[in-house]
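Coming up are structure 1 and structure 2: the same protein chain in two forms, each one given alone as structure tokens.
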Structure 1
Amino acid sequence: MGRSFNTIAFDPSKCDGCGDCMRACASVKYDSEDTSRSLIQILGRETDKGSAFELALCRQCGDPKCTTVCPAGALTKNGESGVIEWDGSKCVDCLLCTIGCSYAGIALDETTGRVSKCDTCAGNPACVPACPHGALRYVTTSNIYNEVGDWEDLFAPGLAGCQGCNTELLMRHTLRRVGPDTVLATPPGCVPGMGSVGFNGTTGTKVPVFHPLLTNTAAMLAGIKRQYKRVGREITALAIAGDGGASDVGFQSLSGAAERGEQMLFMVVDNEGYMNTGMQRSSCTPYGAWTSTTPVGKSSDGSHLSQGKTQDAKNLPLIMVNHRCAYVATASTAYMEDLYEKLDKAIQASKTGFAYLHVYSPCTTGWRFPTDQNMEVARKAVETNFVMLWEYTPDTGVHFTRPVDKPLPVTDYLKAMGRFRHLSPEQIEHIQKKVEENRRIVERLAENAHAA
């Protein structure tokens, strides 16, 4: 396998051209206040039609043109870090590279009379934290690829998940990480529904997989794990269940297995409803949401107006904390590094006790949003505190792993999808209140954990 590299990402919609990034760069690189020497340049201006800013910065291209036009071999791409390095002792100051680059990423520094370019500050770029608007991001997800990118995907190449299915993404990452010595249980829902269990003599999974009833997933998996222990084989017992199969009808077996401390990793894919069977409500469906059993509109005789679900969602992960499991965490696929850390801890905890992972999984079909917006919706859920990312162990108690101290208004999340389109101002107010209440409950738990 080759390698992937970290990159500095720029979001022009968040940039107001303040120039803090340029000042940070000039100060770190040259101890100078002259922003024209900065290796990152923000170009553009505020106009009547709005602002239009562009970035002039070395992209550290995968297939760089500057290195091929350089006649002196002074520019080389570092195969380890991905940074394009400039060797001043070889450079003949011909400036061909500045013409070869499409991004104005390498330019003449008039103070020294030589070219200068970004070296990402050896993996800790000064410009990124200097941006007060979050327009610059240092994307480090390549770390995950460099570690697991060539591990085998343990699902079949073709699964019948909807286009842009978050659950399929989660399953593939999870099983690859958990590994081949795994027995997988998937109760009725989208996970087996998309073909991971298979039919007619074919399977969608490269590890032993079985299809329990909605009610007995945890109980059946516990028995299988115990049998493997009896014959002396070390396996990970993994369940990937939907929120319906875990919080409603499957709850008693889940609760029982957690209480007994069965050694398994129970992952709940929370798409907030029975999406596989046609988007019916579950106890994890949030207040106000449209589902096929909490419809929106007038009844046929016009006597009754329905405005989506009238009850609040059950907070299943907090209920699991009250089982004092070996590990409980909530996660989101939009925060993949956080998810991977929690997955590793959960795998470890499942060797000695019950590990529970609750992953929020936006459903493009059931929540009514375009397929390409899936990560956007998942990210908004966290940024508005609609979903909070925390973990629990008996030793450390509850603590936030990605706290959001300045949450966006919950409307930013609600308007991203169609299932909340009908909400009245009162309903939105109710949801905002619930978000804040849920936040206070988890905060209280986290504070008490520190006090103890």
Structure 2
Amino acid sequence: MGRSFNTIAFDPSKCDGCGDCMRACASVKYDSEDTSRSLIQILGRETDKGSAFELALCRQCGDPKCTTVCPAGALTKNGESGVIEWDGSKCVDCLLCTIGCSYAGIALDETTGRVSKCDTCAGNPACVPACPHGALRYVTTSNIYNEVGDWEDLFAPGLAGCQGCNTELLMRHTLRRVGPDTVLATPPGCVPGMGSVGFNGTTGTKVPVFHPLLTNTAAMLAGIKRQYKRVGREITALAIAGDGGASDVGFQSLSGAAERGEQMLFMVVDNEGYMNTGMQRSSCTPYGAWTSTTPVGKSSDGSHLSQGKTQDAKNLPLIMVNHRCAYVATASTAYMEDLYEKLDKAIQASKTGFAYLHVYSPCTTGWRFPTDQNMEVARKAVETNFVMLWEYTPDTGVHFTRPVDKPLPVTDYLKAMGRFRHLSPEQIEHIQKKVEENRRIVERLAENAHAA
């Protein structure tokens, strides 16, 4: 397997050309206020829709052309950090590298008369925190690839999910991390529907897996864990369930296992509905959302107009906090490092008590958005505080792991999906107020934990 590297990512839709990133770079690298010396350049242009901005920055390419065209060997790619390094003692100032770069990432510094390029500030780029709008991000998820990329995938190849679904991604990452000493329970829903329990006498999972009822997943898993303990073998009892199998039909066994402190990891893949059986609403379906059982339009007799679900979503993670579980957390596949850290903590907590991990998983089919937009929808949910990322233990209480202090308006999230296309201004206002209310609830819990 090759090696992956960290990178600086740019979102032009969030950039307003303020130049703060350039000023930070020039100051750190040259103790200068001259932004022309910055190793990152934001270039503006006018379009029919207004100003647009582009990034000129070394991308630390995997197959860098600048190193290929350098006649003196002054440019080399560091195999550990991934940074393309410049050796001034070898450089002959021919500037061929500036022609070889497609991104204008290496350029002549007129003050010194020599080329200059970004070196990511040794892994702590000054430009990223200087950006007031979040247009720059330092993406470090390569650490996950480098660490676990060679580990065995404990799901068989070829599981059948909808195009663009990220649940299979979540399944594979989770089981690879939990490891082979695992017994897996997947109640009815999208996870077994993809083939985790197999068919025709085969299985899609390389660890023992069973297919409980929606109503008894946690109870059956608790019994299996206790039997393994009785015979002296240590295993991880893992459930991967949908929101229907946890918040609705399966809640009684989930709540009972949590109250008893059963030693298991219960992961909920929340796609906010019964998506595997026809996209029906669940108690985790948000207010106003279209589903096949909360339709939009006039009733068959024309007596009333339906505008989607009329109730707010159940906040299942906060309900689990009230069970005083050993560990509770929310996560999103748009923020894999955060997810992996919480998965590690949940695995550890499941050795002594009940661990609950609630992962928000956009459904391209049921939520009605293009198949290539799954991660963007997941990201927008967090950026608007529609979804908040936090964790809880009895000792530390609740605290945010990725706070969003300047959230985008909730409309930025809602407009990304067809299931909210029908919303009236009053419904959007209701959702915005509910998002703010939920934020205040979690903030108060976090403040109380900090005060304690």
Partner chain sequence: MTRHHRYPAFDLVKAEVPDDLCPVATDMSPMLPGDWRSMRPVVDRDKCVKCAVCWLYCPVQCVQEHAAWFDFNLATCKGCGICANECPQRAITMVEEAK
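Whichever C-alpha set is largest while still superposing within 1.5 Å between the two forms counts as the rigid core. Being a predicted model, the structure only gives us computed values, none of them experimental. FYI, numbering is relative to structure 1, first residue = 1.
In this pair, structure 2 matches the form predicted on its own, whereas the other structure does not. With the core held fixed, Gly366 shows a CA shift below 2 Å between structures 1 and 2. The two forms, fitted on the rigid core, differ between structures 1 and 2 by less than 2 Å at the CA of Phe210.
Between the two rigid parts, the smaller one rotates 7° against the larger between structures 1 and 2, as C-alpha superposition shows. In the core-aligned comparison between structures 1 and 2, the Cα atom of Glu33 sits 4.4 Å away from its counterpart. Core superposition gives Thr120 a CA displacement of 2.5 Å between structures 1 and 2.
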